[in-house]
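A single chain comes next, written as structure tokens; it is the form predicted alone.
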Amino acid sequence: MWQRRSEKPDERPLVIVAKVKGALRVVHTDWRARELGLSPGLTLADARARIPDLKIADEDAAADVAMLDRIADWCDRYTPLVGMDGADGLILDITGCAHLLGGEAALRTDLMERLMRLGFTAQSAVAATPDAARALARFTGGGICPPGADYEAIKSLPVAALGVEDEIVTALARAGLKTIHDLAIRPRAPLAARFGTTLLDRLLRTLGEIDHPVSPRRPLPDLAAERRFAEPVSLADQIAAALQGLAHELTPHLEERGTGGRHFEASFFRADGAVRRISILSGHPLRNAKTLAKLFSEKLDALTDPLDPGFGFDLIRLSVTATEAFLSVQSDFGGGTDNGEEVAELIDRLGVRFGTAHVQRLVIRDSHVPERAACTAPAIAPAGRTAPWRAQPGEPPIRPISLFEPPEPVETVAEVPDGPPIRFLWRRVMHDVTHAEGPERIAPEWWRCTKGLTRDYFRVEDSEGRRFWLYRGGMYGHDSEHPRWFVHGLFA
């Protein structure tokens, strides 16, 4: 539990009020108000009648949520497993992380001291299960529960420490069940039958009889490396050197796994508690430390909101949040490869500089209609399958790269109704056809319930060497009595 301390100490009891059912009621209290007997649910008038000299503040739920989110981001410095606990609490799974700061006691001390310097009053506890730690933090002064001593520490706590609804707490009190110990010694089946499975589930979780892992707020990284600084760093050269060093730390682990990173995230923890995260996407599995450091350097330079170090960063972390199998490519006798690595690196750099949404490539869609057969997508994504109309090496293109939208009508003269034109008029210029190839017949997509005509496409070349992609919309005597001709694209 936490509470922000003001810059000027105020010894008066603090209550937070909100309008509930038309009346101002107390929704939160500080420890002074609780010691004087004030509790959530009281009307403001009753609270003032008991304690006239109160400090009163209006509830701002949105601001509270935003502040708790910022604190949760900051707690990521201790463990990536940070979960929310109601509207005013956090649960941290420090399994395997405590030794990095000298043990559980040192980690808890560091966390509490930093929160105090940031202006917060908090209660914390360390226990074997998340629910036991929650109960100790909220209903005792906190502390560290020795291994195997959880039950002794929580057995005397009230049943409200299980986090169940007030109605269940009241019903249990009427039945004479006031502490966790009272519930723990009772048969489980009658408890579930009378008070519901929620109570039994919370009890078993608190006692550690069933496992209930922390649900992290953010996806867990596949790999991560971090660097802590005794003195916060703020210079660009120091930040770049730290990122490069972290990239070199991650590279061997990626090689051991036979993978490369597709999504990287750099987290910068400021000394004043602010956290800034910057991520980059790679178009191919990446595990080259120099390339990764260069991409982050370009990303930092291209930020519209520059990285503000404030009083400096005391922790920088580099995480790999998405990986992919890294396929080795055999080099040719000249030492080069033909795996598109240079193009992929160019896409990565352009994406970092301008944003991945602004660097696009054409991808194939499941449609044989030319104007629907391809669309644009971020170039960072996999290229996908090859176009079925792609020409063989050394052959002229089957279709033009760009199409007119909509196709432009032309006037034609043909020797036979179903044959290619011998001349056509387009944009007031007459073109004499010297060569023609086709037709490529494309039927409409009947499954889309669209009305269309069969198209016969021809590749034609005029007397001046210009090449066009023409089609006739409709077939004589079949779906049209008067087919029309259109130019759909130009060949380079």
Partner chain sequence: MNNMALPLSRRDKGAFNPKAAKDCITFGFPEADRRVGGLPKSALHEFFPAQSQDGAAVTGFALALMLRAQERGQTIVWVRQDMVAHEYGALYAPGLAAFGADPSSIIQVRVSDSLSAVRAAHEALQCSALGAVALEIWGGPKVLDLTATRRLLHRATLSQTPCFLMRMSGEPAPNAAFSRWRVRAAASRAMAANAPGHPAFEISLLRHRGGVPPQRFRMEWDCDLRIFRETPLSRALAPSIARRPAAPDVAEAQRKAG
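So that the term is clear: the rigid core is the largest set of C-alpha atoms that superpose within 1.5 Å between two forms. In this text, all values refer to a predicted model and were calculated from it rather than measured experimentally. Numbering follows the first chain given and starts at 1.
One more form of this protein should be noted, the form predicted in complex with the partner chain, which is absent from this view; the next part is about it.
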item: Per-stretch contact check against the partner chain in the predicted complex, the hit in 82-90, 135-143, 346-354, 263-271 (non-hydrogen atom, 4.5 angstroms); value: 346-354
item: Three-residue site Leu362, Glu415 and Arg427 fully in contact with the partner chain in the predicted complex at 4.5 Å by heavy atom; value: yes
item: Non-hydrogen atom contact Ala436 with the partner chain in the predicted complex at 4.5 angstroms; value: yes
item: Proximity of Asp432 to the partner chain in the predicted complex, heavy atoms at 4.5 Å; value: no
item: The partner chain contact at His358 in the predicted complex, heavy atom, 4.5 Å; value: yes
item: Exercise: Glu342 in contact with the partner chain in the predicted complex, heavy atom 4.5 Å; value: yes
item: Contact residue in the predicted complex, from Pro52, Gly41, Gly37, Gly465 (heavy atom within 4.5 Å of the partner chain); value: Gly465
item: Heavy atom within 4.5 Å of the partner chain in the predicted complex - residue from Pro370, Pro221, Pro130, Gly283; value: Pro370
item: Core fit, then Glu408 C-alpha moves 2 Å or more between the shown form and the other one; value: yes
item: Is_shifted Asp64 between the shown form and the other one (CA, 2 Å cut-off, rigid core); value: no
item: Core-aligned C-alpha movement of Pro417 between the shown form and the other one, 2 Å or more; value: yes
